[in-house]
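Okay, so here's just one chain, in structure tokens, the form predicted on its own.
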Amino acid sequence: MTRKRVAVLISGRGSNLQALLDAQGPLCPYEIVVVVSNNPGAAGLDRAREAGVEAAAVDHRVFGKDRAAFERSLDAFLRDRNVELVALAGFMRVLTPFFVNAWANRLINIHPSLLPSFPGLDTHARAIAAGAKLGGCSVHWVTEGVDAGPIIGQAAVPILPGDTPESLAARTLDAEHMLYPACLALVCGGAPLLPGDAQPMLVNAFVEDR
């Protein structure tokens, strides 16, 4: 089996990265070849090293306010390692059209809501305030619009009476850890999931109260 060479971009602790690493096995169609963070102190870099994966930082602060220079450096770093697909996993940088277009159809993200509801930040607090009965997460292709790309898969979780943003976030994170490896495997396994497909395949799951 020829595995897709995947880079994972992170900014923090890397819990979704860990789920992607743990899902690798003999039949997994992807191989995480490098983990990159814009934050040199990100705990997720240690997770990569413990798994025997190259871990590196491209510190955005070195470039000041020059977002284009940061992204050109990141782009060159990934191309130098023959990366075929980029998975964002808690990467806390809004990417410019340059990077999004450079990696068009090869760039995916996980977001903690059932898109198109609640794109952007503070998703759990906004879902609770809106009286939503379901929360969840979505894996989607990255386009120039924030959290606006075609959806690859979603997992739903209940929003319970008395939920706080923290309790809902914890329940949603369990769903993320199931969903992201499944969606990445689908994409890397050759499933017809490119943006623009008339009927994209979806991974659907429901996480019970726990």
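In this text, residue numbers run from 1 along the sequence as written. Quick caveat: nothing in here was measured; it's all calculated off a predicted structure.
This protein has a second form, the form predicted together with glycinamide ribonucleotide, left out of what is shown; the following refers to that one.
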{"query": "Contact flag, residue 92 vs glycinamide ribonucleotide in the predicted complex, heavy atom cut 4.5 Å", "finding": "yes"}
{"query": "Distance check, residue 106 to glycinamide ribonucleotide in the predicted complex, heavy atom within 4.5 Å", "finding": "no"}
{"query": "Glycinamide ribonucleotide contact in the predicted complex: residue 110, any heavy atom under 4.5 Å", "finding": "yes"}
{"query": "Partner contact for residue 173 in the predicted complex: glycinamide ribonucleotide, 4.5 angstroms, heavy atom", "finding": "yes"}
{"query": "Which of 84-92, 98-106, 67-75, 125-133 lines the interface with glycinamide ribonucleotide in the predicted complex (heavy atom within 4.5 Å)", "finding": "84-92"}
{"query": "Residues in 30-58 close to glycinamide ribonucleotide in the predicted complex, defined by a heavy atom within 4.5 Å, in order", "finding": "none"}
